[in-house]
Each structure stands twice: as C-alpha cells, then as structure tokens.
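There is one chain below, alone, in structure tokens, taken in the form predicted alone.
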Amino acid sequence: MPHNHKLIYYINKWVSITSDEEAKIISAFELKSAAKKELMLEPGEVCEYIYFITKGAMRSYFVDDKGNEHIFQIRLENGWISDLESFFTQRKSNYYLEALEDVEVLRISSSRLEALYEEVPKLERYFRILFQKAYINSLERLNATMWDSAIERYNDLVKEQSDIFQRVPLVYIASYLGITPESLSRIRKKKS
C-alpha cells in the first residue's frame, strides 16, 4: 500500500473524508526517510514535526544524569510518534527520536497542521481523538509502572504489539517496560 494510502486509511477509520479532502491532506504531508540509528530529534531542539510511520520502527527516549536511557515510546508502522509537548509549546525537547530500523515517515509541521485544520475541518476531530488517545496511553503507562507487575506490563505489550519482539532489541523493550533486561529474559522464559 503506498505511503499516503496508509495515512488516509487510518484517518478514515475515525472520520470520513472526501477525495478532495484526501488530496489536501496528502499534499500537506512530506515523505522523509531515515536510516537505522538516525536521529530525527535531539534534546535541546524544538520538535517541529509529528511523524506517521509508514515503514520501520522508531523510539523516543531520554538520557538521565547517570547516562541511562529511558524509552518513552516505541512505535511501528501505522503509528504516530513525536514529542507532543515540544511540538505544541515550541519549547526545547528533552527527548531523542531515533529510527530503530530504516524508516519512511510522513511528517507535518505545526504551522502546516494548523493550516490543514482550516482546509479540512474534520481533521481537527481526527487529531483530537489521536491526541486524547496519546494522553490516555501516557497515563496508562505511568499507572502501569506504579501498580502493575512486570509480567502484566509484558502481557499488555504482547497484546498491543506482538511482533515488537522480532524487530526491537530486547534491551529497548526492557527499558520501555521499566525493567532490567535480565527480568525481561526471565519473564520470556516463563512464558515460552
């Protein structure tokens, strides 16, 4: 499926758009490729784009004072990734956005997104739903790290993204789950 068609397919899951609106949406997004390990955002930069992943996998993470990485997001095809706080406030980001595989993304800037809302008002509803889901997802992850066991967090990840284990290094998955790589190995052994 061509890149733009994937984007349109997922937008149409939440709002019904006409072919004229589809053309406006497609023209607003820019196709970008990145090689594995390439950074698309670094701390200290303002996050200029929201990315829709059409091929590959990406992660967002920060590095603490001790030099430890903490993964905030891992996203595969047909997922969105960004630092929404920096994107909306235009303040400097604390995160890295990195390609975990060779990726192809469709990206849109904040100013272009605002203009697109005027051109295709239904899109504002789509992004409202998307941003609500992102907010809820962040709260659920925060709550899970406080109240759910490592096994429960692992099971939830398997349900959401079962192919993640074939594509993303286990050390990254462990960080995303908030556990050590050794704990993740023990959980996986028990499950198999």
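Bear in mind that the values here come from a model prediction, so they are computed numbers and not experimental data. When you see a residue number, it is the position in the sequence shown, counting from 1.
Quick note: we don't show the form predicted together with another copy of the chain, though the next part is all about it.
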State the residue from Ser27, Ser138, Asn155, Ser33 whose non-hydrogen atoms include one within 4.5 Å of another copy of the chain in the predicted bound form. Ser138
Only one of 37-45, 51-59, 162-170, 130-138 gets a heavy atom within 4.5 Å of another copy of the chain in the predicted bound form; which is it? 130-138
In the predicted bound form, is there a heavy atom of another copy of the chain that lies within 4.5 Å of any heavy atom of Ser93, even though the partner is absent here? no
Is Ile179 a contact residue for another copy of the chain in the predicted bound form, using a 4.5 Å heavy atom cut-off? yes
Whether Glu104 contacts another copy of the chain in the predicted bound form should be assessed with a 4.5 Å heavy atom distance threshold; does it? no
4.5 Å heavy atom contact, Glu77 and another copy of the chain in the predicted bound form: no
Of 63-83, which residues get within 4.5 Å of another copy of the chain in the predicted bound form if you count heavy atoms? His70, Phe72, Gln73, Arg75
